[in-house]
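The chain below stands alone and is given as structure tokens, in the form predicted on its own.
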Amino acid sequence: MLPAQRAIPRIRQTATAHLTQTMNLLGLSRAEQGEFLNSVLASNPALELTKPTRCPTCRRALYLPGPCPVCHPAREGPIVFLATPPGRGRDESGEENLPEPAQPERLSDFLLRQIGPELSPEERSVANYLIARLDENGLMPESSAEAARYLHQPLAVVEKVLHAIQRCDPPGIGATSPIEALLIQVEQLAETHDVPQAVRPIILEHLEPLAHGEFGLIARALSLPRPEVEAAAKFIRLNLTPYPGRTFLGHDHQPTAPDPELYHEAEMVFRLAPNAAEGPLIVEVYAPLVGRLRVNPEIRTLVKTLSGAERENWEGKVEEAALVEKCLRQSQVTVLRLAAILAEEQRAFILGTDRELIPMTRARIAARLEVHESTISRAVSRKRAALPSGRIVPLSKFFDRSLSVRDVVRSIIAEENRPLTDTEVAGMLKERGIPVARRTVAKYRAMEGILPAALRRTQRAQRSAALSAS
């Protein structure tokens, strides 16, 4: 067999590994990419992380070869570049300053810091026990008597310490029930604010009707005008919480069911250039690590001096390092090109509302970038973008062809004088140049959480009856 023929399988194997690795990296979020790269850096000494070069003008870190995209934009249009991840500051020389992230203060420490100086050593031990017993909502699952029996302490001592905990911040912490937590908060607010008269009786007797918005029913039960009940309901909604533990941002408990539409981190940020409302969009795509990956040149040179199994082993490490570096660079270039297209075609949506979203498909973007549609799907998957308005949205939202139509459906129903049927809404959409079938309107309405016309009509009738009764 000729040497060239023996090389063919190895070339194909390398190409397949390159494609697979690139696709895998594309499908990961920035945090997941960072975890993967750190694991490779820890296991393969042939791969190293170096400080990125810097623009001599703005001192911006440059992760890819070429001039600074901000100081020397290659062409008109969006300015897109790899940027330092958020939370990574720079010192006076422009180098990244990477302090250890501050650990959030635990709720137990926060509470003890407030009441500790006022307690005796014996009372502090009681406080430690009671605070440790708080559930994730900040409520006390056992009575003072049960705690006193367990601690072999007088009931008066336990109740004194519990009372002190309940007057800590956040208000209502340590209450034995959601209703008690609300009443404690009302008591503390009454010291500095005017509390509506109906607040306490609503909390004690009418929380369920309050949750359903049945203000007329509550007004009749309390013999109060409906406006007073609505004012009390607004006060409760804006100032009180039945679960005070969830309001402490630094503690180590998280809500059991986080909102799937609420995001806290983004892989890219869209913003306008300062003092340039009509200028190009600037898009920062966050790199997974602060620094540039490369094959360690000393190890690459050292491999040439080795022989036998040792050389084969180190050649494999160098090859793996080169593959990871190349795949990361290619996946980053793909995301940068995608970000540039989004900034160019969806500028109105990025700066405006959902109604300005222009329908686009992954297939069309893939054809424009001359890649497979699955590549775009992976580039979009599990990634989020921060908009100038402060919203953080999944990248998949840019490809939601129903979003702008749903926004119009929502606005039509919000402005209706009488409940409109799905057929009537479809007709109004058609008049606006949006041909949509009735069943599609029904689907979009359901996605927006809007009731059918018949139920909206019933709901209005009930409200009118409640108003007439009050």
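Just so it is clear, the model here is predicted, and its values are computed rather than measured. In case it trips you up, residue 1 is the first one in the sequence shown, and so on.
Here the subject shifts to the form predicted in complex with the DNA, a form of this protein not shown in this document.
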So which stretch, 408-416, 29-37, 53-61, 432-440, is the one near the DNA in the predicted complex (non-hydrogen atoms, 4.5 Å)? 432-440
Asp169, Glu187, Glu205, Glu373 - the one with a heavy atom within 4.5 Å of the DNA in the predicted complex: Glu373
At 4.5 Å between heavy atoms, is Ala363 in contact with the DNA in the predicted complex? yes
Taking the DNA as it sits in the predicted complex, is Ala461 in contact with it (heavy atom to heavy atom, 4.5 Å or less)? no
If you check in the predicted complex, is Ser377 within 4.5 Å of the DNA, heavy atoms only? yes
Going by a heavy atom distance of 4.5 Å, is Ala453 a contact of the DNA in the predicted complex? yes
Going by heavy atoms, what in 318-355 lies within 4.5 angstroms of the DNA in the predicted complex? none
